[in-house]
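As a starting point, one isolated chain is supplied in structure tokens, in the form predicted alone.
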Amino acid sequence: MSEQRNQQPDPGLLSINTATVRQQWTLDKIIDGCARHDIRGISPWRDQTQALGLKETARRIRSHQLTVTGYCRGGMFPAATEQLRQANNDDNRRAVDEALELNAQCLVLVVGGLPESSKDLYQARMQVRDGLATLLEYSRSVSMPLAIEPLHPMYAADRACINTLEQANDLCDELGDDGLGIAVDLYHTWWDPKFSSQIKRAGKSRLLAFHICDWLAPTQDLLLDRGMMGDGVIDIRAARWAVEAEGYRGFHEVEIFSARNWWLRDGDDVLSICKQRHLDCC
């Protein structure tokens, strides 16, 4: 076990979530940058894809033979009215279609928080379950896996009311494993006291994505102060070993929102450091 923990990761399994350099480069330049640095995975965001154009994005990614490790993002299921919930469902179907066009390995779901003017967290979670069940009817028919991404509890009100791996596993139990799993983002889950047991519960079939960065102490901004791997308090290597012990052999996706630091640096420098820290810390 200790020998496995000390092994460096396969550099070919590094992926860049395009949020990491979104302030320096447009999506076309991010795609070119990944290819230039021999980074074989990429995970684009919908707004960036729409700005470049879906077909052009797909063409450029194919031309560089990159793997789309995830598509960000679907979800945001809860809403105050049935009409708004239906609009969210329609948008999620479009997200599935876009993920298919990009040949993404999964559509990542940030499920949404409390509807406007609501304080009913239980009802918000029920709306997530119902919206997810509806979306699964479509995503399963076109074979696009959905990855629930639990977010840190600080986002429960506005971004995601699914906050633990246990909650995500419960949804998978209820709705079925066919085409449904979990995106494990260490920024959001490293603190979870049930991390190890819930990774084991998820097993190989549910572990669809693995996102890495670091938690800075102290954190200066709850959204825009993520750390580069090795600069914070997360035992990233132990987390990688945990998912790989269950059979996960997918990419390690770097996703860093950093208004004070990494977004201010040269994009090529950021990608070079991502490559080195992936080897050193993951």
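Bear in mind that the values here come from a model prediction, so they are computed numbers and not experimental data. Quick note: we count residues from 1 along the sequence shown, nothing fancier.
The discussion below concerns the form predicted in complex with a further copy of the same chain, not included here.
Picking from 135 to 143, 175 to 183, 162 to 170, 73 to 81 the stretch near a further copy of the same chain in the predicted bound form, with a 4.5 Å limit on heavy atoms, gives 162 to 170. Contact annotation for residue 154: at least one heavy atom lies within 4.5 Å of a further copy of the same chain in the predicted bound form. Residue contact with a further copy of the same chain in the predicted bound form: residue 68 places no heavy atom within 4.5 Å of it. The closest non-hydrogen atom of residue 192 lies within 4.5 Å of a further copy of the same chain in the predicted bound form. a further copy of the same chain is not shown here, but in the predicted bound form it comes within 4.5 Å of a heavy atom of residue 220. Site annotation in the predicted bound form: the residue of 39, 27, 234, 242 reaching within 4.5 Å of a further copy of the same chain with a heavy atom is 234. Residues 121, 158 and 215 are all found to lie within 4.5 Å of a further copy of the same chain in the predicted bound form, as judged by heavy atom distances.
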